[in-house]
Structures are given as C-alpha cells and as structure tokens.
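Next up is one chain by itself, shown in structure tokens, the form predicted on its own.
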C-alpha cells in the first residue's frame, strides 16, 4: 500500500480529518488530494460558528486568515427582526483565503497535501482501494470523501445525488445605511413564499469592507430560481443585481437514515451532507473531521474497514443531534404550519438564544433548551387559540 488513508478534497472537512487523524495516530501514512491549486476559489457565504474554532484549538490549530468577527445573529421573520448577541459567536471568512491557510497548517505539521491533483476514478477491491490521478495510481487501505456536492467519492461509494438539495446565489456589494452593525450576520425569512432565505453577511474583500448578500433556495420543496430571488431581495434594498458579479453553487443536506459510507469509503462534510435548513457548512465540515480522525485511527488499528457504523457514529455525536434538530425545524417551518410559526417566532427569544450559543460552541444547557421548547409550545398554543 502507498498510503493507509487517501483523503479526496482539501477543504475544511478533508483537512480537519487529516489534522485530527495525525493528532491521534501520527504514524499514519496519508495524503490529501485537492483538485485545484491553492489558493483556489470556493464560493461560499463564509460564516463559521465559533464551535469550529474551539474544535481546532484542541489541536493547537489557528487558521490565520482575514475575517470579520461576529458578536450577534439576526433573523427577520414575522415582520420583526430578532437579534441575539453572543460575543465572539463566529466569524465570516473568504474560502479562497481560509482553505489555503488551513492547508498551510496541515503541511507545516508534515501532512502531505497535493493540490492540482484531481481524482478520476476510485475502485475498491478486497485488498484496498485504487485511486487514479493524472500523475498515476495510488493504493490505500481506505478513502475519505471530502470532495463536496459534485465529488467523485460519493459516486464511487454507490450513492446518488440525494433528495435534499439547495441552490445558492451570492454576490458582494457595498454597505447600505440600513444594514445592521458589521458584527452581525442576518438571515432574512421575510418572504413567506420562499422555501429558504436571503442573507446579509459582513465580509472583507481585498481589505475592503463589503456585504455578502444572497439567496438560499431549497430545491426539493419545488422549483425556484435563486438568481431571481436574489435579484428581488437586492431590489428591495435599492440594489441592482446587474451591477455585481454573481456566484452560484449547490448544497446537499444530510438525509435522515441514509448511509454515508461503504466498505473502505467514508464521507465527510458536504459529500456526506450538511444542515439543509440553513446550509451551514464550514463549521460542520470541521466537526465531521473531529469525529472522522478518531474513527479512522481505530479502524486502522483494528484493520477493520467495513465502516458500517459510520452513520451511527455521526448520529450519536453532537453533530448528529444538531442535524436532527435542524431537520425537524426544516420540516416544520416549510410545512403547512409556516404562517402560524412565523407569527410566533418573534417571541421565541430563548430558543433563538440557545441556537446561537450552540453555533458559538458554548455548552448547551438542557434547562435552557427546555425553557425554549416551553416558550415555543406556549406561543404556538396561543396562536392556535387566536387563529
């Protein structure tokens, strides 16, 4: 074997997996294969919850790149704007800078990262895995798929595109007088017929303070045009979409109960699936890696590569718990009860607070969660009585 582990994809999920695996099993022979050359563009709004920073801090890892620090999260819904302040709850980065900086950390720690190395095929046999690249074939005991929505690893594992898909359009504009403070990211659910949301995130492009704005549209709920939705949102803010460079991409949600592994192949990050309700991906990708590292170390020690319990391992982790809660929110909010839920959401301050604290990586208080749930039940009951 050339390697114990080949990681396909050099974004946050793949690099986090490599860093966590090296931390536990430093003698592991592994390589990260990134299709593009760093610094490579990756279209993404760039929001990261501070939970991801806390996870990397355990490895003494700091990703040194330009960022806008966040101290608050706002949500526009039901005709009101809810703002929850949790100092240091996250940051907004540019993936072209963030991923390159993270790759530099991995390489500085002796992890082999080959950029400009796309994978054309992955073939599993009884002895291991053969990975074909432009510079030749590699043999490995197992493969980690961290290559995103359109990556080859998911197909090699025998999995389809999945049902939970989203279309995203974003662009960078100047700031506006009615923007919230630059320490606040905004999720706008004000358009009630949109199965998704619009957003305003503060960002920095080549040193200039700008606003990343966009539209997130969940496609499995029905056809919709994210570009048109983005144009409508910009127009409501007095901006013309024709004046800006449009960036468009797709996202995949983790589907309940669907396997995310096959013998000798396991998926992490968006190759496996992220939160379909919000499309949050970077922090979750890093958390996937924190689970995959110990999991792979044990598999290598035991020479056991069936990976049949990988999905169960995710489901039992905080990450899986988060996915379950947000998938439940997705099903409830975009169902027939949405008008009623929109009416009560502005009063759910405690529940929103718990969500932002979880985003920040603060311990989730069961008492606070219970108070938030009670607040929701009470508000919903009142709305039903008033209906």
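Residue numbers count along the first chain shown, from 1. In this text, all values refer to a predicted model and were calculated from it rather than measured experimentally.
What follows is about the form predicted together with a small molecule, which we do not show.
Checklist entry - Given that the small molecule is left out here, which of 340, 327, 40, 350 has a heavy atom within 4.5 Å of it in the predicted bound form? => result Exactly one listed residue reaches within 4.5 Å, namely 40.
Item to check | Sole residue of 307, 233, 295, 201 within 4.5 Å of the small molecule in the predicted bound form, by heavy atom | outcome: None of the others qualify; the residue that does is 201.
Checklist entry - Are all three of 13, 117 and 269 close to the small molecule in the predicted bound form, meaning a heavy atom of each within 4.5 Å? => result Verified in the predicted bound form; spot residues all in contact, yes.
Checklist entry - Which of 219-227, 78-86, 283-291, 233-241 has heavy atoms within 4.5 Å of the small molecule in the predicted bound form? => result One stretch meets the cut-off, namely 283-291.
Item to check | Close approach of residue 259 to the small molecule in the predicted bound form, 4.5 Å, heavy atom | outcome: No, residue 259 stays farther than 4.5 Å from the small molecule in the predicted bound form.
Item to check | Contact of residue 103 with the small molecule in the predicted bound form (heavy atom, 4.5 Å) | outcome: Contact with the small molecule, no.
Item to check | 4.5 angstroms heavy atom contact with the small molecule in the predicted bound form for residue 95 | outcome: Output for residue 95 is yes: heavy atoms within 4.5 Å of the small molecule.
Next on the checklist: I'd like to know if residue 354 sits close to the small molecule in the predicted bound form, meaning any non-hydrogen atom pair within 4.5 angstroms.
Outcome noted: Looking in the predicted bound form, residue contacts with the small molecule do not include residue 354, since no heavy atom lies within 4.5 Å.
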